[in-house]
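Only one chain comes next, encoded as structure tokens, the form predicted alone.
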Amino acid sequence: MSQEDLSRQAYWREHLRLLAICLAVWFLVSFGLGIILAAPLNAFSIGGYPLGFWFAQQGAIYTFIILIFVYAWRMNVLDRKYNVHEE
């Protein structure tokens, strides 16, 4: 196997790891905090709204937007590391 093939495999492996982390955070926030843990979180409030409701309505959206920027930033770092970035 050539050095280029090994580099491509390493790039792809790191990309999949980043995707798995982003999807785990997405799942934790949307399903875990917004649905499963909503009842216990409702004992607390943010801005007058129960925390479980807040995560289901607002927090998940804020988290998803942050995930998009983190994903783009980490992919740019990864592209430069493996020299596949755009000029």
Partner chain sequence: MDQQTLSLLVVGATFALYIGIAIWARAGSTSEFYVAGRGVNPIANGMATAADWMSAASFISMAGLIAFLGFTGGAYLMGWTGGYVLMALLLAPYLRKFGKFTVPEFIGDRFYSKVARVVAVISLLAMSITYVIGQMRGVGIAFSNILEVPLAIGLISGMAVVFIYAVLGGMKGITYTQIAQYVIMIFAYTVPAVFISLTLTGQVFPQIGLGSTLQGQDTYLLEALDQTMVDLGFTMYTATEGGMSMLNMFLLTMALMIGTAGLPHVIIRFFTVPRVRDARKSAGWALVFIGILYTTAPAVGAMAIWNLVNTVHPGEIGTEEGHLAYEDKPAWMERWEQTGLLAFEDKNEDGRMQYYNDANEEFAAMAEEEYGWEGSEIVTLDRDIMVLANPEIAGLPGWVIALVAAGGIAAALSTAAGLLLAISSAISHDLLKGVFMPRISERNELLAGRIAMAGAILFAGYLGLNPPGFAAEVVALAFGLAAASLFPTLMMGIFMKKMNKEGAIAGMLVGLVTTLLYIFTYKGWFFFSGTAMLPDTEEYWLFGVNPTGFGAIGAVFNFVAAYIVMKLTKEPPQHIQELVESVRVPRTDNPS
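Since this is a predicted model, take the numbers as computed values, not measurements. Numbering follows the first chain given and starts at 1.
What comes next is about the form predicted in complex with the partner chain, which is not displayed.
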Exercise. Please run the contact check for Ile68 against the partner chain in the predicted complex: heavy atoms, 4.5 angstroms, yes or no?
Key: yes
Quiz item: With the cut-off set at 4.5 Å between non-hydrogen atoms, does Arg17 touch the partner chain in the predicted complex?
Solution: no
Quiz item: Do Ala10 and the partner chain come within 4.5 Å of each other in the predicted complex, heavy atoms counted?
Solution: no
Quiz item: How about Trp26: is it within 4.5 Å of the partner chain in the predicted complex, going by heavy atoms?
Solution: yes
Practice problem: Taking the partner chain as it sits in the predicted complex, which residues of 36-63 have a non-hydrogen atom within 4.5 Å of it? Please list them. | Solution: Ile36, Ala38, Ala39, Asn42, Gly47, Gly48, Tyr49, Pro50, Gly52, Phe53, Phe55, Ala56, Gln57, Gln58, Ala60, Ile61, Tyr62
